[in-house]
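Single chain ahead, by itself, as structure tokens, in the form predicted on its own.
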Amino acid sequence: MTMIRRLRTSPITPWATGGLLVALVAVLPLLDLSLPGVLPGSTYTPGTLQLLAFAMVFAALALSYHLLFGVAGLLSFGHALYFALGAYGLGIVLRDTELALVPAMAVVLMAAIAVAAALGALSLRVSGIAFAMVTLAFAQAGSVLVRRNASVTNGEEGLPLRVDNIPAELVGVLNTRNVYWLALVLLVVVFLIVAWFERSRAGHVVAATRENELRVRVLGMTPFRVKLITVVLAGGLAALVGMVYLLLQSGVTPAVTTPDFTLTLLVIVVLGGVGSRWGAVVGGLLYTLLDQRLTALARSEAIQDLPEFLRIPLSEPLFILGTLFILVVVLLPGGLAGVARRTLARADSARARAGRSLDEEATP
């Protein structure tokens, strides 16, 4: 009887829930599902798959920023630099060499790790706002290099993807389904790496450093080393995401090199819940879908027919996103992850009360 009661009251673990969600997302291209107002078409159509893959790429990028801000407590304004390094680096290598896709990605990833180690070693000499300003300076320098070196990066026009050395299964509208699955694999891999790091000794040390660096030093550990490891890992993951972004978008523009791009990641992490892996994923997915669909809404006749005092703000997606962000910060402390935690806590309390009631009824 006790065994049955435990089975009835035991909750599904987050990992099991995540596995079921991944399985569901993996079969979406094989289904004919529609969400009017959320998705541009059925789930098997190239446009919808492109949008969902784009959202998963942003969720993976938000996870890499979660390592810096949520785990290590490092406010960086230069994380876009590593994302751009991955996207532009892979585009340049594929254009100027005869390397196949996988070797080219390996070369770019090694270069990104080296750059992250060098810039991280310099940036971590300071902390707090000074660290944020140093990373901002590096990001601005990278943005200038991309925009001013048109002979290498194609400048303001952006760098198109050369497809000669890319497998045919990843090229063309008809193969959007394969790129969608690639984005899903990327998200799962990044999530597992981040989870592994958080559970590792280095992850525990960097989390302790975020709370009290002096105490970590007194215990004989080296905060600088674990913070540098975190910066390098986050930069490497961001570069990997940038490479998949290049394949998905068939090119890259200087917009991804700006500090504004990093601010978007900060908004996503805060929206999802600082310190939560699942929050970063949900925040990335939700933000991307809102950004894309609100743009379509702003151009719709329903908005254009409104009075001017309503039409002007509602025709600007950034205004709506900013308003939603403010409401979440003010009304939902802890972001979306905080809402989930409080809901689960209430459910656990209800289960505990139900268990006590069953025990009292069974007691003679």
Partner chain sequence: MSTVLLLLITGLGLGALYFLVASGLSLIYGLMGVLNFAHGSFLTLGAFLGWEVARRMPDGSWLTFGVSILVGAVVGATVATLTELLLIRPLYLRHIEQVLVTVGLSLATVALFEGIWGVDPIYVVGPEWLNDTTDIAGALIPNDRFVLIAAAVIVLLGLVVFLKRTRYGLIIRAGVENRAMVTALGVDVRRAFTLVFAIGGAAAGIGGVLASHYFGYVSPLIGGSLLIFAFIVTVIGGLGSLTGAAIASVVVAVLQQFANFYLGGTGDFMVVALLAVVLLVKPTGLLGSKA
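Owing to the predicted nature of the structure, the values given are computational and were not obtained by experimental measurement. Residue numbers count along the first chain shown, from 1.
Below: the form predicted together with its partner chain, not depicted.
Q: Would all three of Val126, Val270 and Thr323 be in contact with its partner chain in the model of the complex, where contact means some heavy atom lies within 4.5 Å?
A: Yes, the whole candidate spot contacts its partner chain.
Q: Exactly one of Pro223, Gly251, Gly275, Pro259 has a non-hydrogen atom within 4.5 Å of its partner chain in the model of the complex; which residue is it?
A: Only one option qualifies, and that one is Pro259.
Q: With its partner chain left out of view, which of Leu75, Leu101, Val115, Val205 would have a heavy atom within 4.5 Å of it in the model of the complex?
A: So the residue touching its partner chain in the model of the complex, by this definition, is Leu75.
Q: Answer yes if any heavy atom of Arg199 is within 4.5 Å of a heavy atom of its partner chain in the model of the complex; otherwise answer no.
A: Looking in the model of the complex, residue contacts with its partner chain do not include Arg199, since no heavy atom lies within 4.5 Å.
Q: Answer with yes or no whether Ile312 is in contact with its partner chain in the model of the complex, where contact means some heavy atom within 4.5 Å.
A: Judged by the heavy-atom cut-off of 4.5 Å, Ile312 is in contact with its partner chain in the model of the complex.
Q: In the model of the complex, does Phe138 come within 4.5 Å of its partner chain, counting heavy atoms only?
A: Close contact exists here: in the model of the complex, Phe138 approaches its partner chain to within 4.5 Å, heavy atoms only.
Q: Under a 4.5 Å heavy atom criterion, is Leu318 part of the interface with its partner chain in the model of the complex?
A: Taking the distances in the model of the complex, the answer for Leu318 is yes, it comes within 4.5 Å of its partner chain.
Q: Looking at 183-191, 87-95, 233-241, 130-138, which lies within 4.5 angstroms of its partner chain in the model of the complex, counting heavy atoms?
A: Correct option: 130-138.
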